[in-house]
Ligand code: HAM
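Given next, in structure tokens, is a single chain: the form predicted on its own.
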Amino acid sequence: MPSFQPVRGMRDLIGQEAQAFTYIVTKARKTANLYGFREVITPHVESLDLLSAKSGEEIRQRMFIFKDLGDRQVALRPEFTASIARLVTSNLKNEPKPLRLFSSGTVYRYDEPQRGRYREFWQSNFELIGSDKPEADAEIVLLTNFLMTNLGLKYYAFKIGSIGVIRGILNADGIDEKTQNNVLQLMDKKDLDSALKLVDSEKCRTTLKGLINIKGENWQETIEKMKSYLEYYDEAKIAVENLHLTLNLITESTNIKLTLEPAFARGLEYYTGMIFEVYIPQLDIALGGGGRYDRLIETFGGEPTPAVGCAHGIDRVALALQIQGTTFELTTEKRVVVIPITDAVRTQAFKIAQSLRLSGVAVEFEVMGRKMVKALEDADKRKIGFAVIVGERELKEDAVVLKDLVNRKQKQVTLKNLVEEIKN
């Protein structure tokens, strides 16, 4: 009798391994709830045209592609974002924005199997669709930071960059999209010399070289150095300013270890702005990553819709937990919307949202830039129980306004007593 084994690059999960995956998915699902993301489940098999439209040449070459019995070209999904974009242009096209969508499950790429890399692997995926604000970019990074912390991981750090800056430079010099994608693919592989050879303009090459050579862990200094190379690149200047605002929101809201790398790129072609990855010192492969993609949804026939998202490699996170000997502990949950009245209190409101989440309260932050009345109307429609309204006058007294959206009552509450008031 033959002894059957899993197909190469696939594996069975048994006992503690299976428990670790369940633990991580449970934590991801709880994080989704705390940040106001609702779960969606999409097919493992999609049309090849959909999956190959903006995935990048390297991923296209590694997809599991076959014909179904109707002679249609289909493939196993290599990631979640294309499926979510399809969903947004169809079943969810009339839903109010922002859409916060969470998925988890297996994805497939024909990579060479090695430590932490398989042909069938698990991801948790988060997409925030409809906002072009830096708050949305910051929330995706903070969400990842929150998940890593609550999983019990230690010594992890973020690498952050901006495809928007690089594309802004390349666009200004008239470089076509196909060449841009090739440049970014080579930069992702750290083959910077080959990437620069694809650029004909001496001015463009000099600018990119300048960005590539910027070093240092102080992100504020790195931002200023980046700006010094972008005097003649208006689109890139806007991108770096957005990155500046995003990083400020992130670092003012929580303790986080990050480095800003101007020449950092990722393999997917659909990125248009901020990108990031998260690592631990013991592994040289990313545990997760993501970024902004403002033109993908219209590629699939939808209205122009800004979006940002991220995915976390559950196989790699499980490996990281094993390496660090991390024990499993589940947390509690709860839920409100936090609304800053003005831009002046936005950062403080972000801090309050983070503090509530750390106390087990599920929080959606107002990332659409709505006025208070509209934000409250939206929260009411979606049956959110409480609103924390952050205003300058109340903050001077270390307080906020807590509004009970069910009983139509509100009162001023000190920050010290906020969690107790919500839970009671």
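Only a predicted model underlies this, so the values are computations on that prediction, with no experimental measurement involved. Heads up: residue numbers just count along the shown sequence, starting at 1.
Not pictured, yet referred to below: the form predicted together with the named molecule.
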{"query": "Whether E79, Q123 and Y271 all lie within 4.5 angstroms of the named molecule in the model of the complex by heavy atom", "finding": "yes"}
{"query": "Contact segment among 199 to 207, 79 to 87, 233 to 241, 94 to 102, judged by heavy atoms lying within 4.5 Å of the named molecule in the model of the complex", "finding": "79 to 87"}
{"query": "4.5 Å heavy atom contact, D111 and the named molecule in the model of the complex", "finding": "yes"}
{"query": "Contact label in the model of the complex: F158 to the named molecule, heavy atom within 4.5 Å", "finding": "no"}
{"query": "Heavy atom of E139 within 4.5 Å of the named molecule in the model of the complex", "finding": "no"}
{"query": "Non-hydrogen atom contact R117 with the named molecule in the model of the complex at 4.5 angstroms", "finding": "yes"}
{"query": "Partner-contacting position among G168, P262, G309, P306 - heavy atom within 4.5 Å of the named molecule in the model of the complex", "finding": "G309"}
{"query": "Position in contact with the named molecule when the complex is considered in the model of the complex, options P340, G164, P134, G290, heavy atoms within 4.5 Å", "finding": "G290"}
